[in-house]
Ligand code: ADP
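Next up: just one chain, as structure tokens, the form predicted alone.
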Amino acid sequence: MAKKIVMAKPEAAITEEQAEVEALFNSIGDGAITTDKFGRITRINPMAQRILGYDEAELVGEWFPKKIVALKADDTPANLIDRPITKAFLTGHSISDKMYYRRKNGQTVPVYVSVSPILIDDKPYGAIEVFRDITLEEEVDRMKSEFISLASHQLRTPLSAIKTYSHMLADGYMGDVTDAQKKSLRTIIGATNRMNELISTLLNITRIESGTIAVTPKNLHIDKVVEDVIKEISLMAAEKSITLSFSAKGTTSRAVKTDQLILKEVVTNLITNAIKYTPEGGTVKVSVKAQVSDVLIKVSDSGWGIPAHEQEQIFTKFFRAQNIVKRETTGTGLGLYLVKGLIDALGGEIWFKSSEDKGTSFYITLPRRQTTKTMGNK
């Protein structure tokens, strides 16, 4: 019986392939590091050496998490379990995140990291991490945020004057006005209110992104805060014949220690969004439920919903779903981006469920206890 003969690749061919792989790895424009299954560094390209300030000999063979020191935005060491390379090993999926690396000279550099596990038979054999220095991007964002903050503050003064004098004219303090003139003045007042809301949103986003939003926790009952918000915006619902209801659930206390102003901003944004994107005659339901270690806030509507293929973008800046753009021309796409940032600042979590043309439900959990802190990017 003839034996099956497996022809081996000539050694010269293998050497040539290895040389090509090595050349490709070294020519990557971003920093690149590979590790074995134990997390030991096996290869580092020239760009990674340049970003980190290490020579290849100083890193190869070293345990990655120990040698490549990762920091959080507040300059404290990142937990090993939270690092992208750890998550990639544990999940078997590619992980991307922003973090800070400490260079050999002690300086900190902001980087955007992407890690992919190297799997053989669904088992981790190693990982490859690609990262890039985003110092310039952070500086541009900082300058942009400072400009927005300055411009927003400067806009508030003339807007206040426009609103004040429009109210005086509409209320007859400066002489009688016709019904047509009064209608025009009400339009001006409405426009200035929307401008003020936009300015407040921009300022809050600037504070979040620059790390200057301060959280001042106080003991409060969430259901009372939500009830106050509903009273303030009930007229908005009535104008669209929308049924706005509220319920409090759970037998344990709904008391938490959190920032009341930030919480009110979050709840107001979610409920007004629900009203805005629900057609006339629809329903908006708000509930607060006490749980063991946190309190759950739920805002549900019977509105237009969010298309499934666009849902992963819902908390990104300036995003507006296409089905909404067709029906509602106003809106900046900043509301939910702001809400997500504020909830992160409160140490809570937010998620949602939605079906197009059936409605959306947003869920927020807030821990019962919280320490005073300032959130934001480094």
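Position 1 is the first residue in the sequence shown; the rest follow in order. In this text, all values refer to a predicted model and were calculated from it rather than measured experimentally.
Below: the form predicted together with adenosine-5'-diphosphate (ADP), not depicted.
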query	finding
Stretch in contact, per heavy atom within 4.5 angstroms of adenosine-5'-diphosphate (ADP) in the predicted bound form, of 224-232, 269-277, 179-187, 162-170	269-277
Distance check, residue 117 to adenosine-5'-diphosphate (ADP) in the predicted bound form, heavy atom within 4.5 Å	no
In the predicted bound form, residue 70 touching adenosine-5'-diphosphate (ADP) (heavy atom, 4.5 Å)	no
Residue 84, heavy atom within 4.5 angstroms of adenosine-5'-diphosphate (ADP) in the predicted bound form	no
Partner contact for residue 301 in the predicted bound form: adenosine-5'-diphosphate (ADP), 4.5 angstroms, heavy atom	yes
Contacting member of 334, 41, 343, 47, with respect to adenosine-5'-diphosphate (ADP) in the predicted bound form [4.5 Å, heavy atom]	334
Heavy atom within 4.5 Å of adenosine-5'-diphosphate (ADP) in the predicted bound form - the one residue of 306, 263, 78, 213 that qualifies	306
Partner contacts in the predicted bound form for 137-164 (non-hydrogen atom within 4.5 angstroms of adenosine-5'-diphosphate (ADP))	none
